[in-house]
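Okay, so we've got a single protein chain in two different forms coming up as structure tokens, structure 1 first and structure 2 after it.
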Structure 1
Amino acid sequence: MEKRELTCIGCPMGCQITVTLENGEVKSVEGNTCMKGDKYARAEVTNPVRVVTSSVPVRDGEIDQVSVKTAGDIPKGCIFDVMEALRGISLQAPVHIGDVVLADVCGTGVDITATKNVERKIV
């Protein structure tokens, strides 16, 4: 039997959760005060995922960078690959919220999208 200790991020309570696994299968989840905690803990120990946020440069924009994020969860193990894929990206203003910055990032099936509007700089 293996036990993993987690701090839940499913709600603001931040419960201390203990997950018991046997042969990679969740046998029990203890310490959560809501069902979100149970769901989070089971996913975190079997298939952890994250939303990645970053920023990329904008050419000829009112500001020099725009915030971006994955449009959904990606496998936790892909985070560094996603950040590397973003390293070479720059955008031409204007940029609008929801614009796809990088489609199907690293073969995850998830797009990177802009989360802010950046208008073209008026010269």
Structure 2
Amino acid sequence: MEKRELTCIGCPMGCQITVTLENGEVKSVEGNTCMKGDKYARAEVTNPVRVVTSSVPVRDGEIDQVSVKTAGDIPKGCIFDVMEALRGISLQAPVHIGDVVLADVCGTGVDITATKNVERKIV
């Protein structure tokens, strides 16, 4: 039996939820005041996911950095691996929203894409 404490992010109530797990299986969800909390807690203890956003250097652009994101959810446990994979990457302007910066990052099946347009600097 394992107990996990969570704060629900569904609304400003922020219910303190206790999930009881047995062999990785959810046995009970307590402390939530609505179904949103139940759903959130079950997903969060079995398969927590996040979107990671960052920025990387861009050469010859109007600005020196371009913002990027994982185009979809990645496992929460991979956040720092994704950051590590981004280290050392730099792009050449122009860069446009949706351009793939890094395909299938850390084997997650999710691409890193640009979230900003950076045009070439006019010299």
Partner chain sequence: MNRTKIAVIGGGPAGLAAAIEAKKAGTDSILVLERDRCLGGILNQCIHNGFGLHTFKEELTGPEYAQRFIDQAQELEIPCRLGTMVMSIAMAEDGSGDKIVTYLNREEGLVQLRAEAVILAMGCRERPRGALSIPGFRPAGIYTAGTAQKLVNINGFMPGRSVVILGSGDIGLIMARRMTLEGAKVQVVAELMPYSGGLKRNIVQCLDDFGIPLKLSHTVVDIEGKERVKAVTIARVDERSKPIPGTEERYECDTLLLSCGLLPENELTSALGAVISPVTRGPEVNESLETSVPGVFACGNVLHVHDLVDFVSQEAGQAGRNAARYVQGAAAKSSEGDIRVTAENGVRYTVPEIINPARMEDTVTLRFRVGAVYQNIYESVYLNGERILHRKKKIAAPGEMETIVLKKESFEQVKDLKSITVRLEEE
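Only the largest set of C-alpha atoms that superpose within 1.5 Å between the two forms is called the rigid core. Since the structure is predicted, the reported quantities are computational estimates derived from the model, not experimental observations. Counting starts at 1 and follows the sequence of structure 1.
- Matching the description of the form predicted alone is structure 1; structure 2 comes from elsewhere.
- Among Asn47, Gln92, Ala103, Asp64, only Asn47 lies at the hinge, the spot where C-alphas switch from fitting one rigid part better to fitting the other between the two structures.
- Between-form comparison between the two structures treats the chain as two rigid units and finds the smaller unit turned 18° relative to the larger, from C-alpha superpositions.
- On the core-superposed pair, the CA position of Asn32 changes by 4.6 Å between the two structures.
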